[in-house]
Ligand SMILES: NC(=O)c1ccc[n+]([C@@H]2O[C@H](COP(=O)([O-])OP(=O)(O)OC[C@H]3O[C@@H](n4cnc5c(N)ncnc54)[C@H](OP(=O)(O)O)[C@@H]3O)[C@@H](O)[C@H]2O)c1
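Take a look at this single chain in structure tokens; it is the form predicted on its own.
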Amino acid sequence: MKVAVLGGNGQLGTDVVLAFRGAGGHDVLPMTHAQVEVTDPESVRAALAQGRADVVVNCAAFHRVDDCEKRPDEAFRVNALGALHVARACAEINALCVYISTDYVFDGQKGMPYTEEDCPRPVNTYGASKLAGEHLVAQSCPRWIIARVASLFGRAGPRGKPSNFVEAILSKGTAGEPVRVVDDMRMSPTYTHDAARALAHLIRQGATGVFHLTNAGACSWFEYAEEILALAHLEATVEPVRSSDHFSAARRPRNSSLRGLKVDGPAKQSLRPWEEALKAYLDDRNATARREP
């Protein structure tokens, strides 16, 4: 099977590439922004027609939530129209189109984790643009997967951001800086290594449809920060704050945690509890640091 990964050098895309290469028997083609521009249909068509992939995983996204609020045209160009261009190109070459979406398609008012059966209702531009992308993919390509992920942390780090949340908390804790984190918003922290493995399993099984691919469980950002510092054996104190105390351009859902009802077998086994995934990430991070000169 030939797999093209758009955004193949990003935080999730890097691990999707590794997941397929690790499984063996696949021809994996990472594609960077420099190689394919999803907002340009001709660029997408040319890149995918040349590769003739069986599967196209679209990890390309404009995901800086506050910037999406300030630049909605760009958010919809990348997250919605870009998704449409990729889906149409996939249809032309009879490829499975895999679109990476987000927990932010939900409004956070349910009070418990959202499943694939819940109706999306985004409260910010980022979520709205990703939901538009979901609809455009589903209507434009005969075979598709929409994989919703959330609060990602991974070894590659996010493109366009200084660092992921784990690294930001570790940096503050190591430097002895104040660690102030909101305690009234809940989500599902997710290790890109685990989400990528689960996605690879689904694709190899021939699955189609909407799937929630997050590590099991949920927590507040405050609880998440406390666990990061505890596992890293840092004695910094985390101060809980209310989200209303911090101005942000975009509204954020109070509880956007996800649960995957449709995920089973090896894919579900890959999505261990978030605490275990976080420990694995930190262990791998420490092992890498020891190997470096």
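Residues carry their position along the shown sequence, with the first being 1. Only a predicted model underlies this, so the values are computations on that prediction, with no experimental measurement involved.
This next part talks about the form predicted in complex with the ligand, which is not shown.
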So which of 100, 198, 95, 169 reaches within 4.5 angstroms of the ligand in the predicted bound form, heavy atom to heavy atom? 100
The single option of 158, 120, 108, 173 touching the ligand in the predicted bound form, heavy atom within 4.5 Å: 158
Any idea which of 135-143, 201-209, 150-158, 177-185 reaches within 4.5 Å of the ligand in the predicted bound form, heavy atoms considered? 150-158
Taking 191, 226 and 286 together, does each of them reach the ligand in the predicted bound form with some heavy atom inside 4.5 Å? no
Since only the chain is shown here, I'm wondering whether residue 39 would be in contact with the ligand in the predicted bound form (any heavy atom pair within 4.5 Å). yes
Looking in the predicted bound form, any heavy atom of residue 114 within 4.5 Å of the ligand? no
Contact with the ligand in the predicted bound form for residue 12, defined as at least one heavy atom pair within 4.5 Å: yes or no? yes
Verify the contact flag for residue 262: yes if a non-hydrogen atom of it lies within 4.5 Å of a non-hydrogen atom of the ligand in the predicted bound form, no if not. no
Any residue of 50-81 with a heavy atom within 4.5 Å of the ligand in the predicted bound form counts; write them all down in order. 59, 60, 61, 63, 78
